[in-house]
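Quick setup: one chain, the form predicted alone, written in structure tokens, and binding and motion questions come after.
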């Protein structure tokens, strides 16, 4: 049984839950190898409605229980109920965009089934959500699912700063998740329209970091993320922008940029403090820190460049039970 003011309460089916997507500012890929990461939950969310059913299905598809990797992983990893589940999922997060659509789905589904199981402390929900996503992808780190569970600004593997929330583990690997104060900025994300696979990109970067210069690259990823976290805490927009550009150079070096992402970054440059790819890369999205007052024009420029842009702010609430729509 859960306890504490920040726990997911117990409930009975049918249940509805929602969770936000995420945007990584510093440290993607390096966090898989123990480096620090800074990310925030975005105000684009996924909502699920979960009911008992004679046969498990996702959005009307009974084959999803065996074929949809995240739904299949949820049923195997987190659901121990007496009946099959009918799930309807509604999302504002573009799929395959590097904005946490899978993490939000895992967190929302885990929230609902955990409530059916008697409720759960939020730290346990973060662990369960990560286990579902990891089972589906085969690789990864818990930053995305922790952002979907916690909301707000978070660091991973950055123990010197912020308020400790929880530790997520995977065998011998451990990641400490901490809360960072929101600097109060507005951000712009833009989906390139080029789909990508998180698992494939993570494995490709892992191979690249095993090359002779891999340790030096990983050390530079760590330095940039640590300085970026300090700059966000200090409210230093210029430093954050400069470090975002350097972070993208490193991501380009390990092979996860893409010509479409480079086009979008060139479009964003005149109106932003800095911009970079966000997420696994090799497609997906960019994130830009717009110069104050330029958000609308930046969105227009990115749309003219063929992207699907969004003005986003940090979502203060993480995964939670909600009334069905």
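Keep in mind the model is a prediction, meaning the values are calculated, not measured. Residue numbers count along the first chain shown, from 1.
Omitted here: the form predicted in complex with ligand MEV. The next part is about that form.
Notebook entry, point to check: Heavy atom within 4.5 Å of ligand MEV in the predicted complex: which of 38, 42, 264, 31?
Noted result: Of 38, 42, 264, 31, the residue with a heavy atom within 4.5 Å of ligand MEV in the predicted complex is 31.
Could you spot which one of 247, 141, 192, 114 gets a heavy atom to within 4.5 Å of ligand MEV in the predicted complex? None of the others qualify; the residue that does is 141.
inquiry  = Based on heavy atom distances of 4.5 Å or less, which listed stretch (216-224, 141-149, 71-79, 239-247) is in contact with ligand MEV in the predicted complex?
reply    = The contacting stretch here is 141-149.
- Query: Any chance residue 202 has a heavy atom within 4.5 Å of ligand MEV in the predicted complex?
  - Reply: So residue 202 counts as contacting ligand MEV.
Given that ligand MEV is not shown alongside this chain, does residue 275 nevertheless sit within 4.5 Å of it in the predicted complex, heavy atom to heavy atom? Residue 275: no contact with ligand MEV in the predicted complex.
According to a 4.5 angstroms non-hydrogen atom cut-off, is residue 289 in contact with ligand MEV in the predicted complex? Because no heavy atom of residue 289 falls inside 4.5 Å of ligand MEV in the predicted complex, the answer is no.
Contact test in the predicted complex: residue 268 vs ligand MEV, heavy atoms, 4.5 Å: No - in the predicted complex, heavy atoms of residue 268 and ligand MEV never come within 4.5 Å of each other.
Query raised in the report: What residues, if any, in 270-287 have a non-hydrogen atom within 4.5 angstroms of ligand MEV in the predicted complex?
Result: If the 4.5 Å heavy-atom criterion is applied to ligand MEV in the predicted complex, 270-287 yields 279, 280.
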